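Take a look at this single chain, the form predicted on its own, given in structure tokens.
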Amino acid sequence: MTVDDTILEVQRPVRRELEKVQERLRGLFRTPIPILNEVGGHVLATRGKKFRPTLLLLTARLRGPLRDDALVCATVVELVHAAALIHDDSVDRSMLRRGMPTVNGLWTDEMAIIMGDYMYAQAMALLVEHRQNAAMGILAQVVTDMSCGQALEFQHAFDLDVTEAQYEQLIQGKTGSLIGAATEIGAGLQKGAADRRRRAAFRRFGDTIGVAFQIVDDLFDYLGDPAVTGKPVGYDLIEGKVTLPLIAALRLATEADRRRMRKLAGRRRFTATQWADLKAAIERAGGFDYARKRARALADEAREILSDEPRGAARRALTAAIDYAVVRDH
């Protein structure tokens, strides 16, 4: 089964609901302001696989047929995710995401900020309109966590002494927090709001998948195919993002390789030979293998959380979602 087949399998039990989420998103860009509609149309056309709303819907689906509140919350989670990416692209001066032009690349950084703000505001307005107070509280904290993760990324930029714990704190904020929020919100729907223990378990479930997901993303910076990932290898490191493969390799390497890696990783650009030398040193030290094992260990933790859930299509799809997070190639 290919990676694309896996995500289709994940989404199968909630395919119709995801189509309704997409239609709700389209409705937010039927405004009297042409530039909002134009930029919004681009955002909707270039958005990814809706992994986060899919997880929310599947988690809610564990308790039975989905209601409108699940569609509202799934729409909001996708809005928050899209807004965060638009702002991130502007901060990073990224012209492409997954091989497609970014908002700031096609328009300006100012337009990217405006669009991200608009989407955050629409997300909050939807939650207020539909009286989703629990989801509002969860997502307000998530926006804070994502902002803190972004701040930590700046703080640790080009820091070759960053620890694995600091790295996981950063990616938990930037990536894990919203995925954890999606599954916590899903567990609180379908009359699940009073079951705090289960909601907390599904928060851990999403947090864990999110960290594994980001570790795999960070491996792509070294080992990905640019034609598939949509960005050149080494881009994150050139931008100062020191991630788990390098962190682990610096810890595990011989002294000679450690010195060599520190010298190479501190560069702002690489020749093909220098990049190949850095990758070879990380490979020798076991950095790539360590990152893969860490992602797989987190996936196993997520599977354990699902073990008490009723068997059925939703549980099978959530198990496939764990697999997707760690085996995908883009």
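Numbering starts at 1 and follows the sequence shown. The structure displayed is predicted, hence computed values, not measured ones.
What comes next is about the form predicted together with a further copy of the same chain, which does not appear here.
Q: So which stretch, 101 to 109, 201 to 209, 219 to 227, 254 to 262, is the one near a further copy of the same chain in the model of the complex (non-hydrogen atoms, 4.5 Å)?
A: Going by heavy atoms within 4.5 Å, the stretch is 101 to 109.
Q: State the residue from 121, 160, 96, 193 whose non-hydrogen atoms include one within 4.5 Å of a further copy of the same chain in the model of the complex.
A: In short, 121.
Q: May I ask you to choose, among 238, 233, 72, 91, the residue with a heavy atom within 4.5 Å of a further copy of the same chain in the model of the complex?
A: Of the listed residues, the single hit is 91.
Q: Check 128, 133 and 143: does every one of them have a heavy atom within 4.5 Å of a further copy of the same chain in the model of the complex?
A: Every listed residue reaches a further copy of the same chain in the model of the complex, so yes.
Q: Under a 4.5 Å heavy atom criterion, is residue 34 part of the interface with a further copy of the same chain in the model of the complex?
A: Judged by the heavy-atom cut-off of 4.5 Å, residue 34 is in contact with a further copy of the same chain in the model of the complex.
Q: Does residue 174 reach a further copy of the same chain in the model of the complex if we count a contact as any heavy atom within 4.5 Å?
A: Flag for residue 174 set to no.
Q: Would residue 165 sit within 4.5 Å of a further copy of the same chain in the model of the complex, counting heavy atoms only?
A: Result no; residue 165 lies far from a further copy of the same chain in the model of the complex.
Q: Is residue 139 a contact residue for a further copy of the same chain in the model of the complex, using a 4.5 Å heavy atom cut-off?
A: So residue 139 counts as contacting a further copy of the same chain.
Q: Which residues within 142 to 157 place at least one heavy atom within 4.5 Å of a further copy of the same chain in the model of the complex?
A: Going through 142 to 157 in order - heavy atoms within 4.5 Å of a further copy of the same chain in the model of the complex - the hits are 143, 144, 147, 148, 150, 151, 152, 154, 155.
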